[in-house]
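Take a look at this one chain, the form predicted alone, written out in C-alpha cells.
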Amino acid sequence: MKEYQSDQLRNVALVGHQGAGKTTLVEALLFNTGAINRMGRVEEKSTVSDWDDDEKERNLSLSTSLIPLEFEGVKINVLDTPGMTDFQGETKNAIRVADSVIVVVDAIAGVEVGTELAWQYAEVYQQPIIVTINKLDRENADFERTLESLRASFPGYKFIPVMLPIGSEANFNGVINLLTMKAYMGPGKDRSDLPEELKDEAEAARTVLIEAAAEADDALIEKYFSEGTLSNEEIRDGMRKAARDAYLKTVPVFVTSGAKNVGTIPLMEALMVYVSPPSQRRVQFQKPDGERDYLLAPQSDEGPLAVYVFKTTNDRFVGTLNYFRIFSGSVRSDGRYFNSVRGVEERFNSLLVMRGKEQLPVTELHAGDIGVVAKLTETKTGDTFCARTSPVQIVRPEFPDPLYAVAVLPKTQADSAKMGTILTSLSQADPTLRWRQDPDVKQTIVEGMGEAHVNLAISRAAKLGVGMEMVMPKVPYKETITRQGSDFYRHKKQSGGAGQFAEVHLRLEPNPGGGFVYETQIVGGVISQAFLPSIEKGINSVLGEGVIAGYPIIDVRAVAFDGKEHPVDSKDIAFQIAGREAFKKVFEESGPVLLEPIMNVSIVVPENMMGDVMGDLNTRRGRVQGMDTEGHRGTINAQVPYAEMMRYGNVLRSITGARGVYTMKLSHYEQVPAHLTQQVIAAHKAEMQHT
C-alpha cells in the first residue's frame, strides 16, 4: 500500500444495529476500489471484515475490523464495528478514533437500539454524523418511513437527503444525486439523466438541500435570498460546513444497497466532501498532574507525538497486535516510542496496515492515520504513546459496568495455572470485560456486557490454551442478625496430657451500617487479658464463611462480657474455639437473616413494550421508581434484587426482540424474604453434604 499524507486520509466509523448490513456494505466498497475481485457474503463466511473463526461460526461481527480503502488518491480508513449491544465497547472505541460516523440504518426495521447507542456515542465525541439508509432492495423496505423513523428518534436533528432512491424493494436499481441532478443506475460510476417521472420529486428535495447548505454560512444565506439558488460548489461547501458543525445538527442522508452494490460509489465520493481530513481533528488529553487540555487543529507530522491504542488482539501464533490512531506526529517502523501510561519505551518492530486479517507492511504512518504494531510487550488498550519529555495521556472513553457474569472453573490443573494470566490479558485488551476472585462466594467471576460477549471471551481463552467450564455464579448474599442475643460456650478437652479449657459468654447486637465490631466488657479478671484477642480471632474465623448459609457476616457487634479460665488448661487455641462456637450459637439465636444486593436498573425500550417489561419486573420483585418517554422510546427506572437480574439480558432480548437495552449498578442491601431465605439455606446444606 502506498504512503498517504494527512490530507489524503479520511477516518470513518461504520456503526448501526445488528443486521443493518454494515459488513456487506464494506464488501461493496472494497469491490468498487479493486481491493477484491468478488464480493463476499456473510452467509458464505467469505467477507473481509468478518474474518475471525468465531465471527464465521456465528455469522456475526464480534469486533471492529480495520478496512482501508484507496479511492481517487485518498485512503479511507473504515472501522467496521459490531452492531450487537454486547460489543458496544468496540463501537465506542472506534468512534473515539474516527473523524466522522456513518450510521447504517436498515430500511425495513428503521431506527433500532443499536442505532441509538451509536448515535449517543457520536454525540459524546461531537462527531459529524452521516446516515445511509441501507437494504433498500429488500421486501418491505421504505425510504420515507425510515426517514420519519430517524426524525422521530432524534428530534432536533435535520435529516437532509443528498440522494433519493430510484425504485423500491426488488426494483431498487439506482440513486439520484441531488447535487448534480444525475442518476447512478446499478453498480459503478456511470451517470445518466433523471427518469422523467422523478424530476419533480428530485427538484423539491434539491430545494431542501440548498436551504440546508445556505444555513451553514451567512454569505450563502445572503446569496440564496437574493438569487434563489446556489451553485453546485456552494451547495457542497455549505453542506460540508453544516455536516461538520455540531450545533447545526445537520445530517446528510444517503441511500444504498450493499448486497446489490447500488449507491455505494456516490457514498464514497461523498466521504471526500463530508468527512474532514484528520488534520482538522482536536483531541482531549490529560497531563501528569491530572489537568485536561486539548490538542488543537491543525495536526501534522511536526506536532507533538500523540498516538492512542484503541484495540488489542491476541493471537496464539501471531502474538499481540495493537491497533492505534495517530492524532499528532508520525511513527516509523523500528522507531522507539514512550508509553506514558506504563512508563516504558517500546520498539515498533513491525508496522502494519490491516485489511481485515491481511497484514500490509509499511515503513511510516503519518498524522491522522490508523495502523497496527505487532509484539509490543507492555502496551494495552487505552494507552498513549508520546514524547518522554512532555508526557500526556489521550482521554479514554468511559465504559458501562458489566451486565452479565459467569463463574469459571479450569478444566485441568494446567489450565488452573494459566487461567489468571490469560483472563488478565483478555481484560486488558477489552475494557468492557472483567474478571475477579470473589471471596464472598469463593468463585472466579468473569463479567461482560452480555452472554455472547462472555462466551466469546471463554472461546478466545480456549484458543490461547486455557480450557474453562462456565457455571452460574452465586448471588453475593450477606448474613446478619435482627435482634440482640446472648449465651455462652464452654470448650473442655481432656485426652491425656495437657487439656484445653475455655468458657466464653458472648452478646451479639445488630449494628446496621457499622460493619463488625468486637468489644470486651470483662471485669474482675475472670479471663486474662492475654486471651481476649484469642476470642476475637476465633470470631473472625467465622465472619468470612457465615453461620446459616455460608455467606460473609456483616453489621454485628460482638461483646464478650464474662467467662472462665483454668490455671493450667486454658490457652490461646482453647479461647479461639470457645469464641468461635459461642458466636455461632448466639448468632443462630439472634434472628439471623440473609441480605441481598439490590440494583438500580435503567431499561430503555420501545414505548409500546413498556407494559410488558414492567409486568416482567413485577414478577422479579422489582419496584418501579419512575418512567420517562422521549420520541418512541421509554425509560423505566427500577430497583430489582440482583438474584433476579443475573440473566436478564436474555429475557429482555426475548421480550423486545433485541430492541431493549439496560444498565444496572449496586444500590444497597436488603433483607431476603423468609421463604427465599429457606431455599438458600437448604441449597447450602445440600452443597455441604456433597463436599
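Note that the structure is a prediction, hence the values are computed from the model and not measured. Sequential numbering from 1, following the sequence displayed.
The same protein has a further form, the form predicted in complex with a small molecule, not shown here; the description that follows concerns it.
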May I ask you to choose, among G371, G258, G238, G450, the residue with a heavy atom within 4.5 Å of the small molecule in the predicted bound form?
-> G258
Select from the listed residues T384, S328, N93, N134 the one whose heavy atoms reach within 4.5 Å of the small molecule in the predicted bound form.
-> N134
Would you please decide whether D53 lies within 4.5 angstroms of the small molecule in the predicted bound form, comparing each non-hydrogen atom pair?
-> no
Looking at the partner-bound form in the predicted bound form, is K45 within 4.5 Å of the small molecule by any heavy atom?
-> no
Hey, in the predicted bound form, does R653 get a heavy atom within 4.5 angstroms of the small molecule?
-> no
Answer yes if any heavy atom of S61 is within 4.5 Å of a heavy atom of the small molecule in the predicted bound form; otherwise answer no.
-> yes
Exactly one listed stretch (618-626, 662-670, 641-649, 37-45) reaches within 4.5 angstroms of the small molecule in the predicted bound form by non-hydrogen atoms, and it is 37-45
